[in-house]
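Have a look below at one chain only, the form predicted on its own, in structure tokens format.
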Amino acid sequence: MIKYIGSKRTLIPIIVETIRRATDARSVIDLFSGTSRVGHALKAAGYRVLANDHNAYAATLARCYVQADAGDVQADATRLVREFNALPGSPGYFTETFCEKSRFFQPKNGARIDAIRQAIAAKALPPELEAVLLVALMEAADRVDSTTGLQMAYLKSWAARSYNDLELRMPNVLPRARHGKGQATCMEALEAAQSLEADVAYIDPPYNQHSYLGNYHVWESLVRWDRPEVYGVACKRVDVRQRQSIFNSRPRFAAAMAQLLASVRAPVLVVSFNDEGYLSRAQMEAMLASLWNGTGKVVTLENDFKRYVGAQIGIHNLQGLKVGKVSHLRNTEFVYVVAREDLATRLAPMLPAREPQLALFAGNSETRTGP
């Protein structure tokens, strides 16, 4: 899948196991689906997944990895991947914007992206099949980009991978989950929380002020294929300035999160958040415990992980020059589970040996389980 800040790749086994132990669920809502890594893993585990994200590129990833089923799209998508890989390049908007005005991709690959994206549009494919081909193109482009993983800037010198030739590969589309066909939607999180219903809701909101649309504006333009006006050295879509999530605002985050949690239509909530976010652990636990008229029972799993790849590389300016030192290279990822019933006993086996990392929060008291 594409490189992504906030990706839950390393946390996925913990999330899936947490949901398995916490409840006998058949369905899961993923309100901020992003790359759909979590939704894809939950689908593989048999859950019916309802994936939502307000960005078009993320909703397309969900339509491919959560909603589409291999039995419906595999044969046609495989044939089209071969067909599109044989197309010669044809420079257009994408090449001009992201290879010449900016330097995200080598022009030879930009021309191939233009040609393939135009061919996908000309086919007028069914939505799920189209999503699979768009994801194949997005992931192929990601393998030959020249960034540190974010599209806020590109490298001063071409990345070694950018010299490779763009090649589509068939995405790992799964068979239908045993508990039912998945669903992908493209709504604001608050709207989705009020509209979707399942046994569990997985919630992974933005942690800070950085907009995912701004970080991945190239994918948004590639998927929408709307040839927007752009601004700045990075050629961001002009609507990056207008389409800002309330969850990227520090002053507004707490109220928005409280409203979201109160709106979710699921009896069990699993929330991912880390120690760099707008809410501290104590604040998040208190907010979750206040649900259902203050009867929420909260269990917290604490996990130590390396920060995203950009932090490992360092801080760079728009010209790709290293300009600062990263303050820390690891962070703490919290997985909060809240329900009306006490789930601590069910989740206790996930406690690492000799590491008291699981806590039960109830009101103003906190008790740790473990040695």
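From 1 onward, residues are counted along the sequence shown. Only a predicted model underlies this, so the values are computations on that prediction, with no experimental measurement involved.
Although not depicted, the form predicted together with a small molecule is the subject of the following passage.
The chain is drawn here without the small molecule; in the predicted complex, the stretch among 244-252, 176-184, 280-288, 120-128 whose residues come within 4.5 Å of it by any heavy atom is 244-252. Proximity to the small molecule in the predicted complex, taken as a non-hydrogen atom within 4.5 angstroms, holds for one residue of Gly110, Pro205, Gly214, Gly149, which is Pro205.
Within this chain, Thr35 lines the site of the small molecule in the predicted complex, having a heavy atom no more than 4.5 Å away. Residue contact check for Glu96: none of its heavy atoms lie within 4.5 Å of the small molecule in the predicted complex.
Among heavy atoms of Glu188, some come within 4.5 Å of the small molecule in the predicted complex. Using a 4.5 angstroms limit between non-hydrogen atoms, Ser27 is distant from the small molecule in the predicted complex.
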